[in-house]
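Okay, so here's just one chain, in structure tokens, the form predicted on its own.
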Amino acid sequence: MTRYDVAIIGTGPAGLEAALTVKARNKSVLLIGPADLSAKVRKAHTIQNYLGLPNVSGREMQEAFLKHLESSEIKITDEQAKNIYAMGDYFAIQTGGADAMYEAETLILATGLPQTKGLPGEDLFLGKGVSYCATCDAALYRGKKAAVVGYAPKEEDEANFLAELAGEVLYFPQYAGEVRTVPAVKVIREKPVEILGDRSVRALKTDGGEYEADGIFILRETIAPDKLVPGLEIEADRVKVTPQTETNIPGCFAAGDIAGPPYQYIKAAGQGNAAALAAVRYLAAKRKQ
């Protein structure tokens, strides 16, 4: 398996600037995130304070970013990081995609802020029936009953995959529009309000009732950083970082909105640059030992 020098999670301004800086420093880079970049950027009406791009629309900024990546020969791994584990001298990154697992010596988190709050009971039963990756953990629910809460249409694929193994799959879409799932998936348009259980998950409570389940998959666009990377220190709903973007985990850095205010594109890009330089310095010091 290829072990990259730096893995970057997120394709907003912080993640993209980090990738460009890492590549310029002649280090191998793994860039994981949506290939069409940050939804926050794409949907912006007008950005007025980004140096060199005055009064630019979100779409125009997206196009400029993509052209810059292309000219630098940086490719985006169009997947979502589901679980990241600090293994001592490297990080293991599980995506649930075709390759499923990646490795990198250092890690830069630039995922932005989660758009939805966790459900009551989610933290308590994480790893005890609650999961953020159906394709990763589907085998654990062979012949059992699973509930999937999807926050975007792309999560329908995970529900469909789960239906190949689980005895029953309930899908709770949290978005408007037609749902395209296989007949084996039962679609329920209700809002989850709590995860119930004792030592492990027992049921999903919604605004319309309770549904028994052996496992509950919460599939969001962005996973809370402390759920994504176990042991990561959080302060006031953001990743706690030093002025050099270091987290409490050696070799792990954070940049952009995930590291706190101000929530500005220009700040995110600058902090992404700082995180990349910090990661390169970390690699240099590590390899001298």
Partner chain sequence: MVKVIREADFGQAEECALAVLDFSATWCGPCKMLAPVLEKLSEEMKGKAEFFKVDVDENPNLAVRFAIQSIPALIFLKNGKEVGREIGFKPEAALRSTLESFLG
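Positions refer to the first chain, counted from 1. For the two forms, the rigid core is made up of the largest set of C-alpha atoms that agree within 1.5 Å on superposition. Note that the coordinates shown come from a computational prediction; the quantities given were computed from them, not determined experimentally.
This protein has a second form, the form predicted together with its partner chain, left out of what is shown; the following refers to that one.
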{"query": "Among 153-161, 138-146, 69-77, 185-193, the region lying within 4.5 Å of its partner chain in the predicted complex by heavy atom distance", "finding": "138-146"}
{"query": "Touches its partner chain in the predicted complex: Pro230 (any heavy atom, 4.5 Å)", "finding": "yes"}
{"query": "Residue contact check: Gly177 to its partner chain in the predicted complex, 4.5 Å heavy atom", "finding": "no"}
{"query": "Heavy atom of Gly208 within 4.5 Å of its partner chain in the predicted complex", "finding": "no"}
{"query": "Distance check, Lys117 to its partner chain in the predicted complex, heavy atom within 4.5 Å", "finding": "no"}
{"query": "Candidate site Pro243, Val280 and Ala284: all three near its partner chain in the predicted complex by heavy atom within 4.5 Å", "finding": "no"}
{"query": "In the predicted complex: members of 183-220 within 4.5 Å of its partner chain, any heavy atom", "finding": "Arg199, Ser200, Asp214"}
{"query": "Cα displacement of Ile76 between this form and the one not shown reaching 2 Å, rigid core superposed", "finding": "no"}
{"query": "Per-residue C-alpha change between this form and the one not shown, Leu124, threshold 2 Å, rigid core fit", "finding": "yes"}
{"query": "C-alpha of Asp214 off by 2 Å or more between this form and the one not shown on rigid core", "finding": "yes"}
